[in-house]
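Each of the two blocks below gives one form of the same protein chain as structure tokens; they are labelled structure 1 and structure 2.
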Structure 1
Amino acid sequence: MTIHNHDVIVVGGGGAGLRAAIAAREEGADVAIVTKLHPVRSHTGAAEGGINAALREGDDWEMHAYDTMKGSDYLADAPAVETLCQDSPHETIQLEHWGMPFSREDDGTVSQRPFGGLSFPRTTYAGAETGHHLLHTMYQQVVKRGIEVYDEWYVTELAVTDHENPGDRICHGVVAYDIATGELAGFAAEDGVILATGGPGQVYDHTTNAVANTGDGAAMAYRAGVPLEDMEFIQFHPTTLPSTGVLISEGVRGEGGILYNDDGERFMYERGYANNAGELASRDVVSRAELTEVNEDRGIQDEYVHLDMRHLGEERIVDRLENILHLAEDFEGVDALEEPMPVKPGQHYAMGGIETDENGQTCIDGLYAAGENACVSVHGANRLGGNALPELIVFGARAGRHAAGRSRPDRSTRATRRSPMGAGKRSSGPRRPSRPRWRPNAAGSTG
């Protein structure tokens, strides 16, 4: 079997994987990305909304942290949330410095918009294609740095020592096969392996996730002995197209789109699901309402409800929601100017995943995780819109730096890791035994 040798192996070429690879390279590591899709095919490209970052006067990272904590039902971990919100502005502007075509204000600064659950309009966006631009911008930087990419290589297993106690184990690399030929190869990682394989959406019958989002990284880590955390917290999006799961953004309801059941009732009000917020209630409330309607035989075709925006008028629709018209037409065969769009709830995001600390480190030495397959625990029970993309760049970068083993000396476990015997001291259990209290003003606790 061929063995490819590198310092750092990144599994997955989505937003998290690319950011990790760039960071590891900047630390001087010889890094390679092993990915079953070519990087630009990753599902990060589907994100539309934006990146939450406290960039402007009147906003600050603590407000962002407060919103995130509240949105999480207070189940996120405070140090992780602080790290996310403190690092996000820098990481977001880093993308701009790499040429990402953000939408712009009159003065030439990057645009931000309001998003559900945010106390300040801090969702930084690039049209309706933020994820596409984030993914492509970072892939360009990967090309610039000459980082090796093994694309269409499917990683199947982690190469981990067989110590009894998972906390004693060391990860030395991964095993993968070339999809085109079936050839198996080993990828040895001198410094570390970073899992960035995205979400597990395909576990569900109906999902906004891509066909490739099969939760491979979490499965591999689990088999290697790493705890998975918060796996019960799955976010459902209330407005997805029934045949494909393509997401119809909250923007339609934000502009005044209305949900109807088969009896033509505006059920969010008429059935009392959300008498104040109506269609604009949070994702989980609207999703549950729709499902209840369908279960109680008021769904259309026993499957979905209608999202109607015709009353907004053609002009406003074309001006503000043009991409929605294309989505309905291309993926559902529906002209949304003429008929209501069929929508139903779909699996959207996994808050949980591989348990890591703020540097992406798992309980296995040399094994890191970042992005949707990881759980640093910044989303708790519920992720705010616009908080996943910052997670990719913030924790992707941190995992990359730390895996490269050349980061700030106090954090580096490199010395111990290199000697197989010396690595047996750590406990296997979760390193954060209880969830820390939320302290909104605890400055600098994570640097």
Structure 2
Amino acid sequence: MTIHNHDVIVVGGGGAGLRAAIAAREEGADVAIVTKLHPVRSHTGAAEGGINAALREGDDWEMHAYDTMKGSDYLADAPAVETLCQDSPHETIQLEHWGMPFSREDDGTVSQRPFGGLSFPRTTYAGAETGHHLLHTMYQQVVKRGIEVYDEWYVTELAVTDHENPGDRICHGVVAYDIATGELAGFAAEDGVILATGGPGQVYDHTTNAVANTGDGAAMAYRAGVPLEDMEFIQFHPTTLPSTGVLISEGVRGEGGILYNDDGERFMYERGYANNAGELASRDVVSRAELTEVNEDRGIQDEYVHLDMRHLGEERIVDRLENILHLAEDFEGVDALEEPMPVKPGQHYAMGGIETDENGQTCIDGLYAAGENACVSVHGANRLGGNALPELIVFGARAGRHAAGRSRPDRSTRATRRSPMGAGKRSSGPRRPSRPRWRPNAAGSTG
């Protein structure tokens, strides 16, 4: 079996994986991304809404933290929420410095809009394609830094020692196969493996998630002995297209989009589901309201409700929500400038995942997780719209830095040397003392 040696292996090339790889590389680590999809094809690209960050006068991270905790049904972990909300402004500004094309106001300031559950319009966005631009911006940084990407390699197993107590186990790398050729190979990580494989949406029949979202990272971690946390908390997004599950951004409602039932009622108000917030109530509230309307025979064709944005005007829609027009036309045959869009709830996000601390560490030495496959518990029972992308960049960066050794008290400096596993030259930089290295046995297994 071929062995590829690196300091840090990142499994997954979406938002969390790219940010983790960049952070680890900035700490001097030799980093590689192993991904079953090309990074810019990752599901992060489907994120439309935006990035919550307290950037403006009149807003602050404590208000963001309060909204996040309230939206979580007070089940989120308070220190993790504070970390998310304190770090998000810096990480968002960093994206802007890397060239992310955020939407802007006439005076040049970065635009922010209201989102459900927020007490202040702090959702920073790039049209309705925020995730797409996020992926491309960070992939450019990966290429710029010379980070190696093993594209279309499917990771099947973690290489973990077999100690009886999971807390005594050590992760030395992963096993993967080349999707094109079927070649099986090992990827050895001297410092750490970071799982960033996204959510398990394909468990559900109607989901906004891509076909690649099959819960790989959480499954591998579970088999290796890592606890999974909050797996009962699954979010349903209130506005998905009935025929496909394609997401219609919360940005439509953030800009003033209105939900109607078959009787023409603006039911979020007229039926008393959210008398104050209306369509901008948190996602769980709106989703339950829609389902109630359908179940009580006020839905359209016994399946969906209508989302109307015609009153916003063509100029505003094209400027801020242009891709929504394309999605409605392509998948439902609806011209959203002239008629309302059909929408219904669909599985969207898993709040639970691999149990980690705020640096992405699991109970297994050398194994980290970040992004939707991880649970640092910043979302509790319900994630606020606009909080997924800051989670990716905040905790992706923290996991990458920690895996590369930044926070380790036992870091040591070493000269450039050749890997004892024969993979060639490594980059020089600060290092912690070596752990026992993973070698496949004579049969090529990882036991």
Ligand SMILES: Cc1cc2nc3c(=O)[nH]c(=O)nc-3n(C[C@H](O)[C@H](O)[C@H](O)COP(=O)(O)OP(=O)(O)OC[C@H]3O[C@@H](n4cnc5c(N)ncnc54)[C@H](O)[C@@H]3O)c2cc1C
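Residue numbering: structure 1 sequence, from 1. Predicted model, so just to flag it, every value in this text is computed and none were measured. If you superpose the two forms and keep the largest set of C-alpha atoms that fall within 1.5 Å, you have the rigid core.
Student: Is the form predicted together with the ligand shown as structure 1 or as structure 2?
Tutor: Here the form predicted together with the ligand corresponds to structure 1.
Student: Rigid-part assignment between structures 1 and 2: does Q202 fall in the same part as A128?
Tutor: Both residues go with the same rigid part.
Student: So the chain behaves as two rigid parts; what rotation angle in ° separates the smaller part's two orientations between structures 1 and 2?
Tutor: 19 degrees is the angle the smaller part turns through.
Student: Rigid core superposed, E315 Cα shift between structures 1 and 2 in Å?
Tutor: A shift of 8.2 Å at the C-alpha.
Student: I need the CA movement of R271 between structures 1 and 2 once the rigid core is aligned, reported in Å.
Tutor: Its alpha carbon moves by 6.9 Å.
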